[in-house]
Every structure is written in C-alpha cells, then in structure tokens.
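We begin with a single chain expressed as structure tokens, specifically the form predicted alone.
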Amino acid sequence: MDFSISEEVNSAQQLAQQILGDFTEVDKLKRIEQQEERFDTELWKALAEAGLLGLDIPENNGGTGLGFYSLTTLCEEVGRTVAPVPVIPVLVSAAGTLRRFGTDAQKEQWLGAIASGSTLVTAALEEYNNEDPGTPASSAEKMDGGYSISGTKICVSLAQTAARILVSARAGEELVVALVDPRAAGVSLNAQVIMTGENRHELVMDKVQVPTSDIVATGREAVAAMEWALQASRTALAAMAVGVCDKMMRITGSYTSEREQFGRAIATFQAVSHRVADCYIDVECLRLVTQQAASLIDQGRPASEAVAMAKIWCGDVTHRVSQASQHCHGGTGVDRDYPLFRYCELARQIELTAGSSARLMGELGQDICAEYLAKAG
C-alpha cells in the first residue's frame, strides 16, 4: 500500500508556503493586529487566486476538488505563519459541511463564491459551556416557509462580515442545521476578545426567521452534518497546531544555537538539547495522528476515535512545546517585539478550542469502556 502524499497535495502545500510567507512578515502582522477585525483580505484574495480556498470544494462548484486532507495542509501552513485568515471557520466548518450536506441550490449559491474569495460563510459551533454543536441549547420552531431560531452562540469568527453563519438548533427531538443571515431581524452581535487578542462575536438570536432555502439539514442528516463539522474542525485545529508547534520548535532551535552562556551556545547544554529533542518527537507524533484522522475523514471512513486522539495530542503538544520554547528562551519569548509570543498565544487558543485534552480523554475512555462492556455481554 502506498502511504505517500500525492504530488498534487504536496504542490498545493508548497504553494501555500510561498504565498503565506510573502504576506506574513512581522511588520504586516503588526498592522493587521491594529485592525478591529484581524483579517488580511489581501492575503485571502491571493489564496483565492491561487485556488487554495477551493481545495475541498468540487470542481463543478468552482474549487479544485483535492479533498479534505489537502485542506489540512493549508491549515498547517497557516499555523506555521500565524496568518490572520479564517481557514477553519470558513473553509472547514462552513464550506466543508455545505459541500457534504447542503442542498444542490446551496452548493451552487455559496461554494463557488467561497472558493473565489468573494463571499464569506462562517460557522457558529460553540455555546456557553457546550462545545458540541450536535447538542445545542439553541431552539428552533417550525413555521410556514422555514424555521424561527432562538439562542446564543459564542466566539463566532467574522460574524459582521459573513453573508451567512452556519448554526445548529434543537426543534423538539429533532436537530436543525441552518444558515443564518447576521443582518436579519432578531440577530444581535456582541464583541468578544479571545486569547490571541482577536475580536470575535457572541451571536444572539431572538426568533430569527430562516427561510427553507437556508435550511441545510434536519433530523438524522443534521446530526451527521454536525458530527462531521465537529470532527473536521478538531482535525483542522490539530493540523494548524502542527504548523504552530513546528515553528515554535524551530525558533527555539535557532535561538539556542546563537545564544551563548559560559562561552558556548546554550544548545550544546544537554538539558537544553533534550528539551528541544522532546519537542521534535512531540511535533512528529502530533503530525502522524493528525494525518491519520484527516485521511479517514477524507475517505469518508469512521474517524471519531482517531479525531479524539489527534485533538488530545494537539492539546498536550501545544502546551508542552509552548512551555519548553519559553523556558529555553529564558524570558525573551514574552517580548512582544519577538515573534514567539504570537505562536504561544495561538497554541493556547487551539488547545482550549473544541474540547480540551482532559475532557476528550475522559470521553474517549468512556467510549472504549462502553464498547468493551458491550462485547463482553
């Protein structure tokens, strides 16, 4: 069996490296960080022109059709450059879900526009004390011509800019997945600031009228859609963490090779070299479990355990590598004129998004236990 990555996927990743590298110089990142909305529209346009926004969008909908696995390589490069672009909420959580569960009319209306960069569709998967979009507290009531949706979602990326926001709500015993217009009557957007300093929004919906044309799925299909969205988003976060941690490790390796103490580079000290070596092992282990999860999702095979393990590794590795990087820098890493702080902030944000390691480890253990007891009779 051939386990090598295809030439097309490698080429797409190399192209992403080149474009993202050109647009993420420190001075430009600083300018973007002064904006109310940390979104580099010029970089987004460049990615669109290169066909990278459509990696997981079929060719007949304006994309390149390389699949979900190729999209995770873009997420990795975004993490490696801490690029201010919403690849996960727009391309994974929203567009990926629409591609697989949306109606033909919705695919035709939104996917091509997302791939071209002319339109943004984002996703609101989290609620207060609830990171599972399959069990939302938000409610939906069926009415003539669609649904009325009420509830609150949090940490929504690009809520003010997006044309639609993908949300889930409970209609009695049934789940509903819908595209909500953030400018519709009954919608309120309240600014929130997350770990990285990025502005996101609390989405408050009060009897928002959603027409049938914007209903993505209901019932079992809606449950499947939210399961896919959560698994894909967690895997994409793990892929982004690969890039973040790999870069932190390399920044640390470069710094310790130049920083001298007692007349020699501190990288030659055994304790320092062991810490950086541990980082390397962690990053490669995270890369492997993430590739496993992404590959299973891309093939449409069961991936729940692989995704949980990838996100568990993601949380643990981002924490350990960030801590080791700061330790080896001896305080220099917290200087905001030095690039490491951006990676540490993003690492922490990724670690706590869509389920912490402790929570997912507990859930995975319960699932394994239940499966064992079922087999034992």
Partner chain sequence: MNIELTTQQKALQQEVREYMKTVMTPELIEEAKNPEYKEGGGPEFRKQYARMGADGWIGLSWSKELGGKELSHVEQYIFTDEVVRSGFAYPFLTTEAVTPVIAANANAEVRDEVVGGVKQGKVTIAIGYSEPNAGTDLASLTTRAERDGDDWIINGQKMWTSLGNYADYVWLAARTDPDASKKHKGLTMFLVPTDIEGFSLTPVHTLGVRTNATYYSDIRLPDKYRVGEVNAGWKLITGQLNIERLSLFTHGQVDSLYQGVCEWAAETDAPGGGKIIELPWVQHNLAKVKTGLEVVKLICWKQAWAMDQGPLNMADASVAKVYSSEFFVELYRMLLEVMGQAGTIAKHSPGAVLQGKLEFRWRVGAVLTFGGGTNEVQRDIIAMAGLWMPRTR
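As the structure is a prediction and not an experimental result, all values here were calculated from the model. Numbering follows the first chain given and starts at 1.
From this point on, the text means the form predicted in complex with its partner chain, which you will not see here.
Spot the stretch among 259-267, 182-190, 203-211, 217-225 with residues whose non-hydrogen atoms come within 4.5 Å of its partner chain in the predicted complex.
Correct option: 259-267.
Is M249 close enough to its partner chain in the predicted complex to count, meaning some heavy atom within 4.5 Å?
Yes, M249 is a contact residue.
Does its partner chain come within 4.5 Å of any heavy atom of G134 in the predicted complex?
No.
Counting only non-hydrogen atoms and a 4.5 angstroms cut-off, does S295 reach its partner chain in the predicted complex?
Yes - in the predicted complex, heavy atoms of S295 and its partner chain come within 4.5 Å of each other.
Hey, in the predicted complex, is T103 touching its partner chain, heavy atoms inside 4.5 Å?
Output for T103 is no: heavy atoms all beyond 4.5 Å of its partner chain.
Non-hydrogen atom within 4.5 angstroms of its partner chain in the predicted complex for each of L43, A50 and E108:
Checked in the predicted complex: no contact with its partner chain for any of the three.
Sole residue of V82, A113, C155, V289 within 4.5 Å of its partner chain in the predicted complex, by heavy atom:
For this set of options, the contacting one is V289.
Are there residues in 61-78 with a heavy atom within 4.5 Å of its partner chain in the predicted complex, and which are they, in order?
Just Y69.
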